[in-house]
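Next up is one chain by itself, shown in structure tokens, the form predicted alone.
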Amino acid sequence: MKKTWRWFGKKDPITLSMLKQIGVEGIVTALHDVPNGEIWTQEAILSLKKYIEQHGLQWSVVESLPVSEAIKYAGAERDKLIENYKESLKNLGQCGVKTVCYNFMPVIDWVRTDLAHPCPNGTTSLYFDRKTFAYFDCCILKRDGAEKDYTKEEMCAVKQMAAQMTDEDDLKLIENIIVKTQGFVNGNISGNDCEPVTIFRHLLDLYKGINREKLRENWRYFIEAIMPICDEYDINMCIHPDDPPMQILGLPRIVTSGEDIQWMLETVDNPHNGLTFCAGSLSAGLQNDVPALAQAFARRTHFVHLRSTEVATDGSSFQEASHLAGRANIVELTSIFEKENPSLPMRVDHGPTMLGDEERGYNPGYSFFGRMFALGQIEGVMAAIKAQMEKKL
């Protein structure tokens, strides 16, 4: 697999020169300054592509060309936004950038309740606790009917938290869930918004009446509309699994399991309609046998995210694990992809925070030393597997 790295543009404190030195071959990035729904011009694409290539690297994957909310909930402007999306895809294809990672998660992208959860070795990593999330949902967001989505035990914990949480604690939770994990990736909410909870409630309201079946239909409408452009310019679309792979906030999620993935690949049976195999997202769901999913979908995978999670026995919480630990079984996954689809771009994902990463202003989950350490681990695994494969020939 090709070693790639998610890079957030020229403002990223991690420079392309640094990435070249640690063995990165390809860059995963986007035009982060272009508002959601607007067209990516050839001029802007070529400018960034040239800048990357000047550092001896390749723009391997777009992550991501955001799918606007109105496309997901089928708003009045859906068709216009899809036409803009098609134009952006056309421009990317003409510029030679032909792998696009995207997601179809309503309102909110990946969700964590703690962005610096301590690990036994002194590092920190991302963490999701369902009881804390229930407190956010019921007591901060105050979503109508939220209590029905949680168990009696979880609601008991919510009441206990409500008696203890301070305004400062609430603010930190708001930042963790709907600001810090969203605003740096063309999210719906940025750090400059004065009332993020109000904005978030409004976004949720847009999905009233949108159930799982309707969201699936809206995805099908979108992907079928763009496939002719993908066919013409040989662009691979690869959907990212939902993170975490479960229903949250009363919103439907449609990429949570092997059954979901199979439905998508069969419903639009086009080789350009494929998967971003995110081992971390999939491993956070106890319903998923991650190596089995890799074996099943390797041929329709266009991009790989390698990370892993440790999950509570009841599935209520999970923490980002070492890349060689947790449920994902990265060694086995690497072996599967190297054998079944070895040319794939791969990036290590959500590394731990270590050795002063926390002082350098990196985006949550996107440390330098932590990801560099993970890349070294994966590079060693890849080398061992390659040597084993060559020995058997």
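Numbering starts at 1 and follows the sequence shown. Bear in mind the structure is a predicted one, so any value in this text is a computation, not a measurement.
What comes next is about the form predicted together with a small molecule, which is not displayed.
- Contact annotation: the small molecule lies within 4.5 Å of heavy atoms from the stretch 109 to 117 in the model of the complex, the single such stretch among 109 to 117, 155 to 163, 75 to 83, 266 to 274.
- This chain is displayed alone, yet in the model of the complex one of Asn103, Thr124, Asn176, Thr256 has a heavy atom within 4.5 Å of the small molecule; that residue is Asn103.
- Though the small molecule is absent from this view, in the model of the complex it lies within 4.5 Å of a heavy atom of just one residue from Lys180, His240, His302, Lys131, which is His240.
- For the chain shown alone, Tyr366 is a contact residue for the small molecule in the model of the complex, at least one non-hydrogen atom being within 4.5 angstroms.
- Contact check for Lys3: no non-hydrogen atom falls within 4.5 Å of the small molecule in the model of the complex.
- Although the partner is absent here, Ser64 sits close enough that one of its heavy atoms falls within 4.5 Å of the small molecule in the model of the complex.
- Taking non-hydrogen atoms only, Asp349 approaches the small molecule to within 4.5 angstroms in the model of the complex.
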